[in-house]
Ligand code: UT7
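For reference, the chain that follows is the form predicted alone, supplied as structure tokens.
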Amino acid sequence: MGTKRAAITGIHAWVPDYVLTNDELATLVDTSDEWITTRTGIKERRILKGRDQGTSVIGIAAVKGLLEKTDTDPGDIDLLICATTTPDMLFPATGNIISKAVGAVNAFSYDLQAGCSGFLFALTTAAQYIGSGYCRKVIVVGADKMSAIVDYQDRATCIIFGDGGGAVLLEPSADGLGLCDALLRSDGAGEPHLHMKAGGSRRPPSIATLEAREHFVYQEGSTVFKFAVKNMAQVAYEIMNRNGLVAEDVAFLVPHQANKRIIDATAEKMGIGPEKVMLNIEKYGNTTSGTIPLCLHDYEAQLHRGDHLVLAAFGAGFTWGAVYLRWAYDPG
């Protein structure tokens, strides 16, 4: 990962107040709490409401909380990377908007888009800046407002997604803790199965694309599920093997919260029990780039210095990957 290892030295997360339950969704589309829970494990999700409220709202709240929590001067931040699939706008980068709002006046910032794997891709990228010595303090944000691109007439997708995210602070580690290894993969053959049909340069927005409802998530659930189960589980297993880890070594699997059945398959492949799996999908649903930092934040009090963690994700592209890290601080 470079000459210096990058360690997570703080984390904070934020979700909107509005709770969209399965029962409320059942008033919008033909579904039920039992149907959703059985197939996904999701009970509710958070929705960011209000005019001109974009992903930056989530990122700003997460970063402000992180800076306060770690007693970090925003002027000391060298770089901010925002992993998101739902930027406020095509340009400028949402990372730029977040940096200005939090006072990170000396940081350069940009967005990184790798679907639900975005946080892992951004975390690994940030570690290279630390490892090379180019940066000493880097913030990685994983946040999405998926409600902005979900069709609430399509029960196959609207039940899955929610809004939220988190941010981590990365700093050099002198004691071997931090990001130890990463396996990142992508396959453009996944494009037909999970994408948004219009809104980019290939099919710019028009009356025709709006009327055809082409500005929403399109997903072929069965194909995506099969690919995710196989590849997210395999890459998590591979990163354990190449680092000589056995199930007993792993304190937690930190999986992308897309579907509980995918999470269960990954844990089974790794040989770890449910007590070692971070799970909050029932509260937030799939927040895309936000799921892993939300998990780390929710479980922060259970983590201890030196703990071995495996982070794993799968997303549109297709993209997938796993990160092995050793946690760098104790609770409190």
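The first residue of the shown sequence is 1; numbering continues from there. Predicted, not measured: the structure shown is a model, and the values here were computed from it.
Form predicted together with ligand UT7: not shown, discussed below.
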property: Partner-proximal stretch of 198-206, 100-108, 173-181, 155-163 relative to ligand UT7 in the predicted bound form, 4.5 angstroms, heavy atom; result: 155-163
property: Check all three, Phe252, Leu309 and Ala312, heavy atom within 4.5 Å of ligand UT7 in the predicted bound form; result: no
property: Of Gln219, Ser147, Thr125, Gln113, the one that lies within 4.5 Å of ligand UT7 in the predicted bound form (heavy atoms); result: Gln219
property: Option touching ligand UT7, based on a heavy atom within 4.5 Å in the predicted bound form, out of Asp30, Glu275, Glu68, Asp52; result: Asp30
property: Arg39, heavy atom within 4.5 angstroms of ligand UT7 in the predicted bound form; result: yes
property: Partner proximity in the predicted bound form: Thr72 to ligand UT7, non-hydrogen atom cutoff 4.5 Å; result: no
property: Ile262, heavy atom within 4.5 angstroms of ligand UT7 in the predicted bound form; result: yes
property: Partner contact for Ile77 in the predicted bound form: ligand UT7, 4.5 angstroms, heavy atom; result: no
property: Stretch 219-256: residues contacting ligand UT7 in the predicted bound form, 4.5 Å heavy atom cut-off; result: Gln219, Gly221, Ser222, Val224, Phe225, Ala228, His256
